[in-house]
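Just the one chain here, the form predicted on its own, laid out as structure tokens.
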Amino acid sequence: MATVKLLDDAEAEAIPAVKAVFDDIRAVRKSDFVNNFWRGLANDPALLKRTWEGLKAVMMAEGPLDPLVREMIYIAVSTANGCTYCIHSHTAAAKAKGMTDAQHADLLAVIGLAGQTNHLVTSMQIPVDPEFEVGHRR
């Protein structure tokens, strides 16, 4: 159960700052669907706008990483952070951007391996090899 109210469309329409962000979400995504994350953030219109603008700047702007890779990274970080909502949301987004079942399986294998090896190296407190440090010359 949510710890905040999820604003419905009528409530969002009554708050101009929220309506503007919801309208932009719909326009950018070319969909009438505004998901619950945004509906919860709408309780704080400034936070809603700031978060949406940040998401557009990172996830939707042109850059060296293609949109599918960005979504897959988001899934990995969300898994590490234990965010079930974001895992579901960004898995759906990755699939919409063309992630295949084979790519998803490979991603899960990498996430699982990274989690395991991260825990092992942390528990053993292995020092970082000088070759891996920034500025090291080979």
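Fair warning: this is a prediction, and the values are worked out from it, not measured in the lab. Throughout, we count residues from 1 along the sequence that is shown.
One more form of this protein exists, namely the form predicted in complex with another copy of the chain; it is left out here, but the text below deals with it.
For the three residues A10, V21 and A27, verify that every one has a non-hydrogen atom within 4.5 Å of another copy of the chain in the predicted bound form; reply yes or no. Spot residues vs another copy of the chain: no contact at all.
Checklist entry - Does G54 make contact with another copy of the chain in the predicted bound form, using a 4.5 Å heavy atom cut-off? => result Contact with another copy of the chain, yes.
For this session: Decide whether H104 counts as a contact residue for another copy of the chain in the predicted bound form under a heavy atom distance cut-off of 4.5 Å.
Result: Residue-level check for H104: yes, a contact with another copy of the chain.
Q) Taking heavy atoms and a 4.5 Å cut-off, does L47 contact another copy of the chain in the predicted bound form? A) Within the cut-off, so yes.
Consider M72 of the chain shown here, and say whether it contacts another copy of the chain in the predicted bound form, taking contact as heavy atoms within 4.5 Å. M72 belongs to the contact set for another copy of the chain.
Exercise. Go through 76-112 residue by residue and record those having a heavy atom within 4.5 Å of another copy of the chain in the predicted bound form; state none if no residue qualifies.
Key: Stretch hits, in order: A76, V77, S78, T79, A80, N81, G82, C83, T84, Y85, C86, I87, H88, S89, T91, A92, K95, A102, Q103, H104, A105, D106, L107, L108, A109, V110, I111, G112.
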